[in-house]
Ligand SMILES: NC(=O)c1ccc[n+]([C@@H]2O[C@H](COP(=O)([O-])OP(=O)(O)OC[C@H]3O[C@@H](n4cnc5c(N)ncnc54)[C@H](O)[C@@H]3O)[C@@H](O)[C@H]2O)c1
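A single chain, nothing else alongside it, follows as structure tokens in the form predicted alone.
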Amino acid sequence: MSLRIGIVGCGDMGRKHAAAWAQAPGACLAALCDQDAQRAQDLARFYGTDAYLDWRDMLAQETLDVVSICVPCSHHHDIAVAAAERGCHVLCEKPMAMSLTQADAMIGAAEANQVQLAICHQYRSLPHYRAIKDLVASGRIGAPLYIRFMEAREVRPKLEMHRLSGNGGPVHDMCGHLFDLARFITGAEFGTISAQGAVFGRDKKRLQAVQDFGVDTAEILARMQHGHCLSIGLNWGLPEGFPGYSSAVIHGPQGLIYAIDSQEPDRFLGDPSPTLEIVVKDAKGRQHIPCPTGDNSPEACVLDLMRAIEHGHPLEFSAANGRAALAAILASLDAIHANGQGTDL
């Protein structure tokens, strides 16, 4: 198999996608696109590919098998549908889209043109979350599960994360990972979601150019099938220089599981670390489980998509999983705008 790959967006995630595709056996980077000409040319020169300023020109002029979409969420729908209509498989960064209508149109275009559509929720590939899933599946702490994710960061340097018109705001941008992890760990779907939120970044110097702020801070409570429950605490509106904080705790009737990192206390939920450990506490005491070093790049998503294309394997990083995460994001935002009232999915 030899797949020709085009990448739309040459920022941080575009560079990560380019590196993942460049290392994948049977894949060849053919073209890169970014509206910033210098950024596109620099990355294209590094990989020896063609550079474009407009993704429409790239699709029209190149013969591609796969398109990786690494631009703000507000552009995902248009690029994914156009790529699918040209017979290209698609690997799209999260969050999948701005609305469920857009997500359904992306899925419909992929199905109509018999191509694969993958959504890059790569956190579920990290070793510590896979270790947690295995412990849960073994019945070690019983059920139902109560899952708590907390993450606090300084206001982001990527301004599109904060713009309602770009990535929908930090809650829209980040919480999909956490909703996807809860479904991954439990195998259960969401029911009622309640939430309260705010914009803490509005007066921060770094965000002076932002006019249409999306919600950057929230407390979310999601009830799930089989009695499971997820709570999320997110604050991406803290002052510049804030060192960061995160925690992940899962508890059930027989004990609890959490992640610790003695050497990297400021690591974020998706950061790999060679010193990360999983701790299990139950009636037998405490057990520390070292985790192998992981990789939070899109490599797992790239390889998963290639297996689906070549062998017809079901996608783990599927559009259905991406849509489920998006539905939970939008229900949370609806609840926030309804002053914390519960929203059913």
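Just count from 1 along the sequence shown to find any residue number. Small disclaimer: the values here were computed from a predicted structure and weren't measured.
Keep in mind that the form predicted in complex with the named molecule is missing from the display, and what follows is about it.
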query	finding
Touches the named molecule in the predicted complex: Gln287 (any heavy atom, 4.5 Å)	no
Asp36 within 4.5 Å of the named molecule in the predicted complex, heavy atoms	yes
The named molecule contact in the predicted complex: Arg124, any heavy atom under 4.5 Å	no
Any non-hydrogen atom of Phe317 within 4.5 angstroms of the named molecule in the predicted complex	no
Triple contact flag His162, Thr217 and Leu238 to the named molecule in the predicted complex, non-hydrogen atom at 4.5 angstroms	no
Contact residue in the predicted complex, chosen from Ile250, Val90, Cys120, Leu234 - any heavy atom within 4.5 Å of the named molecule	Cys120
Selected contact from Leu276, Val302, Cys70, Leu29, since only one has a non-hydrogen atom within 4.5 angstroms of the named molecule in the predicted complex	Cys70
Location of the named molecule contact in the predicted complex, chosen stretch of 102-110, 241-249, 169-177, 199-207 [non-hydrogen atom, 4.5 Å]	169-177
Stretch 78-101: residues contacting the named molecule in the predicted complex, 4.5 Å heavy atom cut-off	Glu93, Lys94, Pro95
